[in-house]
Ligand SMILES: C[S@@+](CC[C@H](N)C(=O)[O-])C[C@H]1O[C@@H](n2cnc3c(N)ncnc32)[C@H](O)[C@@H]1O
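What follows is a single chain, given as structure tokens, in the form predicted on its own.
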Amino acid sequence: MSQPGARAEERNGKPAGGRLPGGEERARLVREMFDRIAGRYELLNTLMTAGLHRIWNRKVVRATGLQRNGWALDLACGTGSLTRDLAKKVGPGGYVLGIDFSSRMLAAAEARPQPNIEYRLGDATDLREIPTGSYDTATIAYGARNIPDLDALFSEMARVVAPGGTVVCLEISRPTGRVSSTFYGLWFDKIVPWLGARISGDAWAYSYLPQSVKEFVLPGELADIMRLNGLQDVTWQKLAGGVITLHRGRKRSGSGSN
């Protein structure tokens, strides 16, 4: 439960208590946040990344190994930016399912329909309606740090892909180099909250972003979590000087449900 005064701090754009809450309270706050900013989400992504998110999306698509007529599952799909790129890759004979827990983000995604894309409201850690081994790849971009139970997330992602299929995670990270760390501190801790508050009208949402990155696991730890939940040949690479990381794993050949 929230502590007294927490809601006031949320309205003022400050995560309550210095650290983000966990469990159901975290899920509620994040879902409400994305509902509020859905209308400006893609504009702000473009501004905050100087359009580089489009390049990073293409790297995710390449990492999946998707072929024409393939099937892809995009979790925490938001307004569908990566979902649409996956759909282009698989072509009209393929199929992409985008899942998100924010109804307004999905409404924004559905405003740009494509015949080989379906969107559903759902929980990335509970995909019980999706048969085991039914997809060639499962992706998540900028969503893993919003999910407290990473074991549940990656075990479900591994379960729903076919043996030999891929799981790809794109996420914001904390760079370690001196120059990139200095840039990160200025951009994400100062400019992003200021810019986000003025364009979206939601100060909490864009102060949440750098805080959530600070509290997220390190790239090596994320790779270990993926390995422990049914994935092998797990690799990760730094993008944009380490501000972004791209993780990729492959489901063990011959694996069934996890």
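Model, not experiment: these values are computed from the prediction. Residue indices: 1-based, along the sequence shown.
Beyond the structure shown, there is the form predicted in complex with this ligand, which is absent from this document and is the topic of what follows.
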Would you mind picking the one in Thr166, Asn146, Ser155, Ser173 that has a heavy atom within 4.5 Å of this ligand in the predicted bound form? Asn146
Looking at Val90, Leu150, Ala76, Leu97, which is the one with a non-hydrogen atom within 4.5 Å of this ligand in the predicted bound form? Ala76
Counting only non-hydrogen atoms, choose the one of 194 to 202, 65 to 73, 216 to 224, 27 to 35 that falls within 4.5 Å of this ligand in the predicted bound form. 27 to 35
Triplet Ser81, Phe101 and Met105 all within 4.5 Å of this ligand in the predicted bound form via a heavy atom: yes
Although this ligand is absent from this view, report whether Ile117 comes within 4.5 Å of it in the predicted bound form, heavy atoms only. no
Just to confirm, Ala141 within 4.5 Å of this ligand in the predicted bound form by heavy atoms? yes
Find out whether any non-hydrogen atom of Glu110 is located within 4.5 angstroms of this ligand in the predicted bound form, and reply yes or no. no
Looking in the predicted bound form, any heavy atom of Val160 within 4.5 Å of this ligand? no
Within 41 to 65, which residues come within 4.5 Å of this ligand in the predicted bound form, counting heavy atoms only? Tyr41, Asn45
